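Below you will find one chain, with nothing else, as structure tokens; this is the form predicted on its own, and questions on how it binds or moves follow later.
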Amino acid sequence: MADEKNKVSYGTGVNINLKGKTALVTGSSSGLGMEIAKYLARTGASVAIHYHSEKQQAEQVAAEINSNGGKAAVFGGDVSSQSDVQNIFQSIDEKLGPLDILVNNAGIDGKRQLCGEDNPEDWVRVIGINLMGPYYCSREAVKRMKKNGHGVIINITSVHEFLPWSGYTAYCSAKAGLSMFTKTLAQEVSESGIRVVSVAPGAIKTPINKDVWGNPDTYRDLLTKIAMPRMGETKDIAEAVTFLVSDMASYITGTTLVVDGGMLLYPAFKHGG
């Protein structure tokens, strides 16, 4: 009966159970990462809640998971720092055990700046968090997963691994680079029992973009860029990630699952070219 409450049902007769697995979700003190962490915990995984500056929020997320019968612990550090990442993974080894699942979610879009008018230090910071961070974390995860003969790494990219976004060259470059990192790493570890997959969210409603969805005019404009008549919710991404880290997706690796409500369908063309 204990296992039953750790199952999340995705339709009649289909259940996902991650009991006995340990997962790290970077940037899980808020937004997408928080929702992903909660979903993985509901399916039975022990979850490492990671934060950089929002320690209190991370502790609240862990407390909620633990009070609901799950298992979570909090780990802080800068994913763009190799030494911080090494310390995070060592602490997870000691507190939660060997890592089975890594979700590279931590990221920033940075300031909107046109190339040539921008500050190179801002560009480097975006690349450091969005691309070097997943590299440092994946590097540590792969070492451990190879020893265990299994593991799943999920990289949260964006529709901007495909779509250019004026003023955000660093962000788009990092996400496109992370997509190719996913493919190449998946190829490298394909015989080690490790899968690597990207999830590319479209416009997802989170506190960080409330200035867009909280304003009727900007929200209306945003909806013209999405084929389905709504913004995505954090659960849309969390459900996709939960599926991909489960055995139901055991033959999926080295690709991107786009969860964007049809943003890449160029909905402006619905009424002709």
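Since the model is a prediction, treat every value here as computed from it, not as a measurement. The first residue of the shown sequence is 1; numbering continues from there.
The form predicted in complex with ligand NAD is left out here; the points below concern that form.
- Put simply, of A227, I208, M248, A63 only one has a heavy atom within 4.5 Å of ligand NAD in the predicted complex, and it is I208.
- Y171 is the sole member of F89, Y171, Y136, F181 with a non-hydrogen atom within 4.5 Å of ligand NAD in the predicted complex.
- Using a 4.5 Å cutoff between non-hydrogen atoms, E54 counts as a contact of ligand NAD in the predicted complex.
- Among residues of the shown chain, T43 is not one whose heavy atoms approach ligand NAD to within 4.5 Å in the predicted complex.
- Contact check for G151: every heavy atom lies farther than 4.5 Å from ligand NAD in the predicted complex.
- At the 4.5 Å threshold, heavy atoms of G70 stay clear of ligand NAD in the predicted complex, well away from it.
- Contact with ligand NAD, judged by heavy atoms within 4.5 Å in the predicted complex, is confined among 92-100, 142-150, 186-194, 105-113 to 105-113.
- Counting a residue when any of its non-hydrogen atoms is within 4.5 Å of ligand NAD in the predicted complex, the hits in 22-59 run G27, S28, S29, S30, G31, L32, G33, H50, H52, E54.
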